[in-house]
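Presented as structure tokens, the chain that follows is alone, the form predicted alone.
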């Protein structure tokens, strides 16, 4: 068993880190954080320089970690224009792939994923946005909430209810996925501001009022949308783990530099802070190894939901733990540094793509069913 990355992946990670250090300076990151503006020029530059490479999932994972290690808000922003692409890649028709995905890869379009609703996010099967079939089109009514790229995406891979909402037998089997374009009549969106963290990302409410969607925009089979989205989450949770580890590694880097400077200046560091640093470093390494193991199954077309949920859940909690510990170690210095932004950015990791509680539900269910994580 080889725990070392290939030379190609090492060089790619180095390239991404060099780009991030150059483009994601603290000054730039602070501006986008304060103004809550999406850094579109960085998205375009990253594409042109080959920093975003979705042709290899290992590169995607490593690239996300390295970017978030420098700044989570900007690192996530330049990668989320592809958010939801796997649903189309796995289940979309050739026509939909050609029409939509090619333009996203070329930097001409931005996409989004529309699942979460005002009434809740964890209970995916309980969503209420309804799509009624009328001839060669679907008429969609409802709303979505906390949608990434909500006011900047050109189209959304959207989960809707195509079976009658009062039919309990079709709670899970009554959902479908449609591609909904922003320019469809009856579509509207409202940007959400004042977020705790990752403010450079664009988040919004989506409103659908008799939106007419061509029937050819149905992704896969009608009634299988819930399962497509669950499959997607099992993929995307690896990448959220990478975001989390990037955050944790980033605060570990900065905390290490802080303590080194104290020792260099002859100031007292103390064993307690050293112990906390050691625990941070250990949890970061454990999280990364767990992510690599889960990724090795997923990227070899043999996904293990238990490991994926373990990786996402543990890494996200590690991000919050590392950020909080870094604030404790650095004190007033941390409150007025990049660490403060990392601290705010870390919390969302425990919420999106499945809360920590949801991940634990998945893990416990799989274990009780006899999954051995092999």
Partner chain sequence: MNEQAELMRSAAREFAEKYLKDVATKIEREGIGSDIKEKILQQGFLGATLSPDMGGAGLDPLSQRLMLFEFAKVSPSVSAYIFFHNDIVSKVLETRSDKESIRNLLEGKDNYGIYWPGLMEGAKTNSSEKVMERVINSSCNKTIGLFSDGKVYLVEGKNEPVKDFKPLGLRGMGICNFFPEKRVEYGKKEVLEDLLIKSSGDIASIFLGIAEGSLEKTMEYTRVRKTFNEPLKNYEPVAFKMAELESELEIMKYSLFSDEADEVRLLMLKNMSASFSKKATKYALQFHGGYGYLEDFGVEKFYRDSVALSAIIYRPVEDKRFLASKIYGDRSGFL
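Bear in mind the structure is a predicted one, so any value in this text is a computation, not a measurement. Positions refer to the first chain, counted from 1.
Another form, the form predicted in complex with its partner chain, is not on view; read the next lines as being about it.
No residue in the set 17, 20 and 103 has a non-hydrogen atom no more than 4.5 Å from its partner chain in the predicted bound form. With the partner removed from view, the residue among 99, 273, 172, 182 that has a non-hydrogen atom within 4.5 Å of its partner chain in the predicted bound form turns out to be 273. Put simply, of 307, 329, 70, 42 only one has a heavy atom within 4.5 Å of its partner chain in the predicted bound form, and it is 329. The shortest heavy atom separation between residue 324 and its partner chain in the predicted bound form is within 4.5 Å. At the 4.5 Å threshold, heavy atoms of residue 345 reach its partner chain in the predicted bound form. Its partner chain in the predicted bound form comes within 4.5 Å of a heavy atom belonging to residue 122.
Using a 4.5 angstroms limit between non-hydrogen atoms, residue 350 touches its partner chain in the predicted bound form. Across the options 90-98, 265-273, 131-139, 216-224, residues that bring heavy atoms within 4.5 Å of its partner chain in the predicted bound form belong to 265-273. Contact residues in stretch 297-317 (any heavy atom within 4.5 Å of its partner chain, taken in the predicted bound form) are absent; none meets the cut-off.
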